[in-house]
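Take a look at this one chain, the form predicted on its own, written out in structure tokens.
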Amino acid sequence: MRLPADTPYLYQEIFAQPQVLTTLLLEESERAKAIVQAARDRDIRMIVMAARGSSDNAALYGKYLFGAMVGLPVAMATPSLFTLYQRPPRLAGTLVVGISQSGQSTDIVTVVETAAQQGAMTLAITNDPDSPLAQVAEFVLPLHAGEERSIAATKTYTAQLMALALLATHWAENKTAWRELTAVPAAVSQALSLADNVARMTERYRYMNTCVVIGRGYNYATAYEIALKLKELTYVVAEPYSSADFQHGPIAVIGDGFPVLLIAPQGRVHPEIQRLAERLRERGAELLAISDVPETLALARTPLPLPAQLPEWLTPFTAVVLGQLFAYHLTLTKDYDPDHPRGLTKVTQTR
């Protein structure tokens, strides 16, 4: 699809995702296989991931992915233990994965560097193979996303999902999963074909100031990523929740017209989210639903149909694209600049 030259970078990068994912599949499958073999040779039985922002949301996807597909426990690192408190946990015998678009976040670099000093196997997943993170890691899995000029991460986020999926698929030695994974770029293209429909739906939410975003399982990460996009681009106070956690108290905030965005594709968690959708509808919530299940879409005031039948473990790719499109068009509807959110820079340095 050819876009006008003055199209915002964010929109261009959203639409670059099918090619980025295709390139990553073609270029990095063998490298991912070699990294997995090295992990097997060292009898790795636990993974620790370190990340911030959108990369942290990708790591959350990896937590479910490696747990369900490979049977490995995944822990999220606590960078302040390494930097501010200088009391890092013992990491020998683990695979420590640093995930960073830029590879420049000081605290993530410190986690990986410390892990390497302790004798742990270390891996950098980054868009810059010459970055500080890549330099301190034993292995590097480049994202091949090209320069991301918009501040809000889009193509690097789905590329991180793909990198993690490549590793998990090779680790599981699952040929069916590999065939399913190769269908993702085409499915993302189908999701992008709905951009005009999504644009028309956003006018209704011009004055939305707060909402909740709900997912579970593989799409718990999607809820966090869509909520982040809404916060950083539209300045909406968007709070992400697991559908289970939401029912343990936060559901009390729901009343007439309160916006709730549900990520509800078919799969193991769908029956529970369907019951929650019915309960929210009874309470008068304004439901937006990203789903490929007709019964769920029928409950929504604003249905956002997933266009391709992917297995549940891969729906985070297409669901987040619909969320990206919604956040982008809502940004324009609210008359904000999608490429320059207030108070943000592309590289955020934390310790």
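Please read these numbers as outputs of a predicted model, since none were measured by experiment. Don't overthink the numbering: it's just position in the shown sequence, from 1.
We do not show the form predicted in complex with a further copy of the same chain, though everything after this point is about it.
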299 to 307, 23 to 31, 286 to 294, 49 to 57: which one contacts a further copy of the same chain in the predicted bound form at 4.5 Å, heavy atom to heavy atom?
-> 49 to 57
Does each of I14, P18 and A134 have at least one heavy atom within 4.5 Å of a further copy of the same chain in the predicted bound form?
-> no
So in the predicted bound form, does any heavy atom of L143 sit within 4.5 Å of a further copy of the same chain?
-> no
Taking heavy atoms and a 4.5 Å cut-off, does S105 contact a further copy of the same chain in the predicted bound form?
-> yes
So in the predicted bound form, does Y241 come within 4.5 Å of a further copy of the same chain, heavy atom to heavy atom?
-> yes
Heavy atom to heavy atom, is L181 within 4.5 Å of a further copy of the same chain in the predicted bound form?
-> no
With a further copy of the same chain left out of view, choose which of Q190, T78, Q117, N197 has a non-hydrogen atom within 4.5 angstroms of it in the predicted bound form.
-> T78
Are there residues in 241 to 259 with a heavy atom within 4.5 Å of a further copy of the same chain in the predicted bound form, and which are they, in order?
-> Y241, S242, A244, D245, Q247, H248, G249, P250, I251, A252, V253, I254, G255, F258
